[in-house]
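Taking the form predicted on its own, here's one chain by itself in structure tokens.
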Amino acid sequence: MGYIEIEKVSKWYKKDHLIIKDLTLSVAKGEFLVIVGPSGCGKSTLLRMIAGLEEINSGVIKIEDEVVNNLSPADRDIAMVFQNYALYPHMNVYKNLSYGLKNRKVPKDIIDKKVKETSKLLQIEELLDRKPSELSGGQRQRVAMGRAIIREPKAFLFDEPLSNLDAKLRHQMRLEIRKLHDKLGITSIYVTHDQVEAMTLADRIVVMNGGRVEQIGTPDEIYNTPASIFVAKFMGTPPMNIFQMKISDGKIDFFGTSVEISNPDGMVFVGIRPEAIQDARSDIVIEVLVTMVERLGSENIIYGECQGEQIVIKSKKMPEKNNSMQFYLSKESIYIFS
């Protein structure tokens, strides 16, 4: 049994418009689970149902083997960190951190001790007298995390907490969140649409699409053995190249190279990661007409055409637009989706 169990949970606002359908998921104690997917796939709704902020229409949610379907959010002993920080604007940082403990009638000296310990852990000791309006986005997010940590809950729920931060600060906060989790060991469920956050933070990733689970696995499993075309294209920057090809006599014609395939004859989808297309000679050679190049410094994203098909390549080469170039890939780097 998992520490948090979600069993055949469904959510709808109208019977003909399912948000989540028969979703089952198990979260281990101390695990950092990331739920990732596009906008509207149901990931934030799922998180809010775990927290008790949304009612479920069918199914069961358990925390520590206790059914919590009818428990209020306060009685579930779960702390949630929101995208918009949800700080009290009229209170300083100290009062924001201590508010929940004060409501629980925790003695003043213990509150003071916990505030100091938490603010030191998050390196916000010098901010305790400031109000949220006087803080940067990163500082506000640290305070929001501190308010969750100070309660010592059964689990943390993160709802896209870094989406309002700039790219550099998101990178920094990702590292801090993971280090905090490793230090505290509290079960965490983290929702994001950003696959980089998912890959760098997670012990396991849940990829959602259209209210259902597409795949669950470690970051390596999700990236290297995608269970569907959706997962293959969603997890990766740039996305995986997908081509429809025909298997005939156990082979496909991959842009001029015959490649043996173990699938039965018929139409299949063939996937290639942009970074798998190399400059060094290998099994398969492809001729690419370069249509656009994004120069990123250490590497480039090359957009091109290969026998009428659009293709994206990640390479150190710096080709010029409208030039034809040869690239290579190994047979082992080809993915087949039926």
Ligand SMILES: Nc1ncnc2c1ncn2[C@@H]1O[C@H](COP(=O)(O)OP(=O)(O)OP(=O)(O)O)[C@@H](O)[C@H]1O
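So that there is no doubt, residue numbering starts at 1 and follows the sequence shown. Not measured: the values here are computed from a predicted model.
The discussion below concerns the form predicted in complex with the named molecule, not included here.
Contact check for Ser39: a heavy atom falls within 4.5 Å of the named molecule in the predicted bound form. Using a 4.5 Å cutoff between non-hydrogen atoms, His193 counts as a contact of the named molecule in the predicted bound form. Although the partner is absent here, Ser44 sits close enough that one of its heavy atoms falls within 4.5 Å of the named molecule in the predicted bound form. Not displayed here, the named molecule is approached by Ile19 to within 4.5 Å at the level of heavy atoms in the predicted bound form. Between 31-39, 294-302, 265-273, 308-316, the stretch whose residues reach within 4.5 angstroms of the named molecule in the predicted bound form through a non-hydrogen atom is 31-39.
Residues of 59-95 that come within 4.5 Å of the named molecule in the predicted bound form, judged by any heavy atom, do not exist; none qualify.
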